[in-house]
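Single chain ahead, by itself, as structure tokens, in the form predicted on its own.
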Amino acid sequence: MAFGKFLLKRTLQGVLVVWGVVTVLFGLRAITPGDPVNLIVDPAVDQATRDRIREELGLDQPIYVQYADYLQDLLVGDLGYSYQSSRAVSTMVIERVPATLELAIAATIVALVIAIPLGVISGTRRNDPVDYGATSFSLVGISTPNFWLGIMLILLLSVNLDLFPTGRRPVALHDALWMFLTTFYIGDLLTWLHHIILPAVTLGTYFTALITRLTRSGMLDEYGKPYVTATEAKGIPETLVRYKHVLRNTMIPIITVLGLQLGTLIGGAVVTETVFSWPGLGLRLIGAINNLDWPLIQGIIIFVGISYVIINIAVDAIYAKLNPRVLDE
């Protein structure tokens, strides 16, 4: 299969996934009890006013008409207006994206900085105490719930030892970077780093454990292949064999998982953002759910779904370039 055809096929599959998400969300909204008008006006408001608002929102139309109108609005990027704040949902989503992306990327960096070296050492020193330590860490990291780890880190490092703040985001990363680049003032950057360490460690622990395990198993698989023996027989130094040949081949599945997990981190930051009051999409989604603000709930989940699909398509494209045999599968 040609690469263009492969990419088109993946894109069409992604569109179907997004359509499925949109449809399920609309169905949930339709069957959820409660009158959305009560979120917009006081329940004591007269019936005529309530009927007028319902008509303006299109809630007086049959459900299939509402569904068609919603799809039509989505196609032009209109996510509607929040019932509670009356603000455009697209604006409310976009203004929270940077905080969530900062957290997801920071968690990914934490994971890669720890997981790759740990997995390499573990894979090259099998049955060594370091290997046992790495595999134990992987098991604990995968088994530990995010919310529990976050609360424990807050109690230990914030409340008892007073080493880190309990959460919040006093300055955005782009503002801190701009300040540093224009004035060489590093204070804001350090403040941002100080506040994001605990949320990033909490969100990235599972990811770290997963990548450590993948790297270790990949290294063990590669070391059993004839090309490694042949390379070593040529007298090439062990370190060069390990990092230039073995680790490079191990990285292909890790890159795939890395891309998929980045999408998962964006969507899965809900719990971590809530525990640390990190002002991202997850925290806003929890607020919208508590208030049954359906336009905002739909907008955030659709955005996360589209992001996940785009990342998946990008990962598939990269993987197909690295391993052209995928195109024929």
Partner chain sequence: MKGADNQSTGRRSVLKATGAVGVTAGLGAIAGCLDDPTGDDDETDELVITQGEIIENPDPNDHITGPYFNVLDPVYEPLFNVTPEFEFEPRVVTEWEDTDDGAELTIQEGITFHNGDEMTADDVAYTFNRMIDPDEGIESDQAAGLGAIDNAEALDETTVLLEHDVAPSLAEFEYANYGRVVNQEWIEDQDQPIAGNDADAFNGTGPYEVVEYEPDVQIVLEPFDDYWGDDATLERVVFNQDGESSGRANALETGESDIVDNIIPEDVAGVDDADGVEIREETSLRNVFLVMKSGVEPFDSTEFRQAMNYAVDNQGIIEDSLGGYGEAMTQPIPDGVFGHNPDLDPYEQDLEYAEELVEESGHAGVEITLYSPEGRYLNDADVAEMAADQIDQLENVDCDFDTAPFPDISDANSAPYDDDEIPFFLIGWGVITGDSDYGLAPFFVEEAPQETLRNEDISEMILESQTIEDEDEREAQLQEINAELREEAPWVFLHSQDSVYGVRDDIGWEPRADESIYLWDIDS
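In this text, all values refer to a predicted model and were calculated from it rather than measured experimentally. Numbering follows the first chain given and starts at 1.
Beyond what is shown, the protein has a form predicted together with its partner chain; the following relates to that form.
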| item | value |
| --- | --- |
| Contact label in the model of the complex: residue 259 to its partner chain, heavy atom within 4.5 Å | no |
| Contact label in the model of the complex: residue 58 to its partner chain, heavy atom within 4.5 Å | no |
| Contact of residue 84 with its partner chain in the model of the complex (heavy atom, 4.5 Å) | yes |
| Exercise: residue 170 in contact with its partner chain in the model of the complex, heavy atom 4.5 Å | yes |
| Heavy atom contact within 4.5 Å of its partner chain in the model of the complex, the stretch among 59 to 67, 22 to 30, 299 to 307, 45 to 53 | 45 to 53 |
| In the model of the complex, the residue from 249, 90, 144, 158 that sits within 4.5 Å of its partner chain by heavy atoms | 158 |
| Among the candidates 121, 228, 179, 101, the residue which, in the model of the complex, approaches its partner chain to within 4.5 Å (heavy atoms) | 179 |
| Residues from 190 to 207 in contact with its partner chain (non-hydrogen atom within 4.5 Å) in the model of the complex | 190, 191, 193, 194, 197 |
